[in-house]
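Just the one chain here, the form predicted on its own, laid out as structure tokens.
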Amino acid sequence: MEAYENKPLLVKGKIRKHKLISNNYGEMVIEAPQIAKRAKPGQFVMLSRWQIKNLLLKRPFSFYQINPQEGRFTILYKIVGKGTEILSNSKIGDEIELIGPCGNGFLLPKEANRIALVARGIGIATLLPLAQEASNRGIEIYSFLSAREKSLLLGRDSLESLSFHTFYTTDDGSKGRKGKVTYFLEELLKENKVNFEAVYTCGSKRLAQHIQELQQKFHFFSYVSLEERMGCGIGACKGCVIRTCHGYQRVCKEGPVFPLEEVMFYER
């Protein structure tokens, strides 16, 4: 495996497409060739479309789709505060300030034949570029997706089109089964029906903890993309540290992707 370069750029970009989707979510295509050509699955961008007098800090967004040939990338966001509310009112052609690509992304084993992607809610945004890269390499993908309800399984059609098999759970039973989506993964591992070279997850620490338990039992490589509140996004403010077996590490700099076995979700 080879680590990705981690030298973020400060550039201006332009909004080329923007649409609001259900449940206060939005999808935005941004033209910024310098970032799009270097972006890797699992990395993120710090973004602002507001004046400092309104908000001081940029906000982090995972790459949802990456198109280096066109010099564009897509983000998926949820309206949860003033920053994303301003973002939701953006128009095509608006200029946007960016820092990126930030952080370290996912690594695919060189000889991988089959991987599992496990996501809850908007966590799919981080995993979709990884699925595209794995598909391009001919790797078989099993996807395990979970949300409160069917309408919150964002991007499921895109991920399902890249996957060999897709499993769904929703809290209300509107898509797939009720319960934890990791139960599907556990059943496959218990019955020894498939072997995964690596399992990737994002979107829920509770989900990641369960996969960590399965990892200890079934001995597979696993990586987690963590979400934490960020100030600078480049490692200077140290506001997004988490506990690992190597001590405290910054999600924005050493992460956001970590080997799952290194993350300490609780005291050991």
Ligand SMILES: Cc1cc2nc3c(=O)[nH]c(=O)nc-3n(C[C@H](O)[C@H](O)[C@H](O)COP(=O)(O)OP(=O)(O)OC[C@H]3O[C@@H](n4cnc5c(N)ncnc54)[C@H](O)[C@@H]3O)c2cc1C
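From 1 onward, residues are counted along the sequence shown. All of these numbers come straight from a predicted model, not from anything done at the bench.
There is another form of the same protein, the form predicted together with this ligand; it is not shown, and what comes next is about it.
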110, 190, 137, 82 - the one with a heavy atom within 4.5 Å of this ligand in the predicted bound form:
82
Residue among 29, 226, 66, 207 with a heavy atom within 4.5 Å of this ligand in the predicted bound form:
226
Looking at heavy atoms inside 4.5 Å, which stretch does this ligand contact in the predicted bound form, given the options 110-118, 178-186, 158-166, 83-91?
83-91
Check for me whether this ligand, as it appears in the predicted bound form, comes within 4.5 angstroms of all of 44, 77 and 230 - heavy atoms only.
yes
Looking at the partner-bound form in the predicted bound form, is residue 62 within 4.5 Å of this ligand by any heavy atom?
yes
I'd like to know whether residue 145 contacts this ligand in the predicted bound form, with contact meaning heavy atoms within 4.5 angstroms.
no
Is residue 122 part of the interface with this ligand in the predicted bound form - any heavy atom within 4.5 Å?
yes
